[in-house]
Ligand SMILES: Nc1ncnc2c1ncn2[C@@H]1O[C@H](COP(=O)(O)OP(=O)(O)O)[C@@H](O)[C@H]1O
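Next up: just one chain, as structure tokens, the form predicted alone.
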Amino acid sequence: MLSASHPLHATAGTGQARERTKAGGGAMEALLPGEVHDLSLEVQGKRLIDGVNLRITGGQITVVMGPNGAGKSLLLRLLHGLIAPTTGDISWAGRQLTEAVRSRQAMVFQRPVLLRRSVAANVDFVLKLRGIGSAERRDGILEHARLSESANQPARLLSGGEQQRLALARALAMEPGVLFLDEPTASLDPASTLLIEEMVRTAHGRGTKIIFVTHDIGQARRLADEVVFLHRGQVQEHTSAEEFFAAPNSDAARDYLAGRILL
């Protein structure tokens, strides 16, 4: 079985803690907590991720923020095993980041990667991989993504917002325990952005751990239960969203929230 992050799969709150995790566990608890120890990444002699330590738990939407070049996207790719660290260790529920663990995760990128097939066939592909291919289930997924009327249309002819909803719907069809989202609404209009956020909240409410990268402070305020703030490849803050937005502890975070340029 291909990883949920394979290109063919690529896939209500204001920061208050939410009681929306599945009762009794499920896929999310099987992968959590995530533990990151002394994680570093060097490329051509430059350290892009520098000694990151994190503990990722369930029950919250985790939003990763920071200026351009802070290492946000790189951190997500490391957490999902798309790239290997130079030093350090990543584990999920005490297990190393093996292909079996990665198959319980999914990732959606800023630019959606879609099959050259119809909208419906994109979802069918994932459902068949999971062994649960059915027209009824596919139709329900497309309805949730508000793509039912486009089911027979070539996926590549969808608008940007519709393509991203399809990419997200396909990732969620994998029923991942952890879903990584790398600025999925960065190039979308406000209406499309709110539809994506609605799908993310619903997935969280059904028990999927959400780790969401955004540069949009307003979006972070809408979605985040907790914030991981990166600057120069280091975690400057990892705290509740309420505390982060009300009283950030680091100079870098204060400057970032004030709209000042960080160097």
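Just so we're clear, the structure is a prediction, and the values are computed from it rather than from any experiment. Just count from 1 along the sequence shown to find any residue number.
The discussion below concerns the form predicted in complex with this ligand, not included here.
Asker: Pick from 164-172, 72-80, 116-124, 91-99: which stretch has a heavy atom within 4.5 Å of this ligand in the predicted complex?
Answerer: Of the options given, it is 72-80.
Asker: Is there any non-hydrogen atom of residue 59 lying within 4.5 Å of this ligand in the predicted complex?
Answerer: Looking in the predicted complex, residue contacts with this ligand do not include residue 59, since no heavy atom lies within 4.5 Å.
Asker: Would residue 196 show up as a contact with this ligand in the predicted complex if we use heavy atoms at 4.5 Å?
Answerer: Residue 196: no contact with this ligand in the predicted complex.
Asker: So in the predicted complex, does residue 217 come within 4.5 Å of this ligand, heavy atom to heavy atom?
Answerer: Judged by the heavy-atom cut-off of 4.5 Å, residue 217 is well away from this ligand in the predicted complex.
Asker: With the partner left out here, check for me: in the predicted complex, does some heavy atom of residue 43 sit within 4.5 Å of this ligand?
Answerer: So residue 43 counts as contacting this ligand.
Asker: Which of 31, 210, 48, 36 has a heavy atom within 4.5 Å of this ligand in the predicted complex?
Answerer: The option sitting close enough to the partner is 48.
Asker: In the predicted complex, which residues of 147-162 put a heavy atom within 4.5 Å of this ligand?
Answerer: None of them.
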